[in-house]
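Taking the form predicted alone, here's one chain by itself in structure tokens.
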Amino acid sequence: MTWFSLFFLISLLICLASLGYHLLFLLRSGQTPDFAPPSGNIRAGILYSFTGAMSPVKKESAFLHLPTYAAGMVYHLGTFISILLIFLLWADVVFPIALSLGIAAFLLASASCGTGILIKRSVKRNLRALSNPDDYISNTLVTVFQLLTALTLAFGSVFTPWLFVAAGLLLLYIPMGKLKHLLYFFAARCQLGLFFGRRGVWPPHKNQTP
């Protein structure tokens, strides 16, 4: 095993152990009794929480800034693809040239979206006032990770050590910063769906404002 593969593996184990701790904390914290009698469908509420409630038309921060919302969706998709690819590359999976170049082109686009979001955060006074170093570090680590994944797919093993180092640094940072929302996002959406589904608020009925 190469030194950069070992670094990636150690970082992955540390990240999983830390996220496991956060998961246990979430499970324990969420076990609070709700004494109100149920009046809705919990499963339907959770399903709506991950589907209809995520629609940009239901979120003011999204429908008022649709280009940024679309860039964020592309950026997140690029992150998911890069995470999948790092494990495939670690397992020495070889991709057809056309597929590699196609994915690399998309990841370059998603990394560009991340760069654009970072620039917007830096130049917009109201966004800059709400930001802290964690916002900039998280964006930079993810964008560099996507960029190096694209370069590795396009140009081969010359970029592989850099990719695994970037992936390892990203994994080590995830539990420390805002990137751990990859765990808290699902917990929060489940909690919202459970609460509003149990109360019969989600999914909304006809002529009901969600």
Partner chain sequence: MEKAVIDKGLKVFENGGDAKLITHLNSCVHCGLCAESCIYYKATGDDRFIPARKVEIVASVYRRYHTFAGRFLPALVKARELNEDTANEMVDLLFGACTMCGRCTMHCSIGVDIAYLVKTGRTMLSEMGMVPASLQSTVKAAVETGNNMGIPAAEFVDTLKWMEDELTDELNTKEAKIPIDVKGKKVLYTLNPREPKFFPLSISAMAKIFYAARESWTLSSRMYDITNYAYFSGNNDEARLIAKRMWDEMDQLECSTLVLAECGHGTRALRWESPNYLKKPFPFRVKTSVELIAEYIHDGKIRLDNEKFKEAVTLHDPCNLVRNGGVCMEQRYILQNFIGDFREMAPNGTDNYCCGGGGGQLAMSEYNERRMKTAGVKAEQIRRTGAKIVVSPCHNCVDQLTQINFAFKLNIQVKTMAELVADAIIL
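Since the structure is predicted, the reported quantities are computational estimates derived from the model, not experimental observations. Residue numbers count along the first chain shown, from 1.
There is another form of this protein, the form predicted in complex with the partner chain, and it is not shown here; the text below is about that form.
When the partner chain is considered in the model of the complex, only one residue from 100, 140, 131, 112 comes within 4.5 Å through any heavy atom, namely 131. Interface residue remark: residue 127 is counted as part of the site for the partner chain in the model of the complex, having a heavy atom within 4.5 Å. Among residues of the shown chain, residue 201 is one whose heavy atoms approach the partner chain to within 4.5 Å in the model of the complex. Contact annotation: residue 184 falls within 4.5 Å of the partner chain in the model of the complex, judged by heavy atom distances. Although the partner is absent here, residue 165 lies well away from the partner chain in the model of the complex, with no heavy atom inside 4.5 Å.
Contacts of stretch 32-56 with the partner chain in the model of the complex, defined by any heavy atom lying within 4.5 Å, are made by 32, 33, 34, 35, 36, 37, 38, 39, 54, listed in sequence order.
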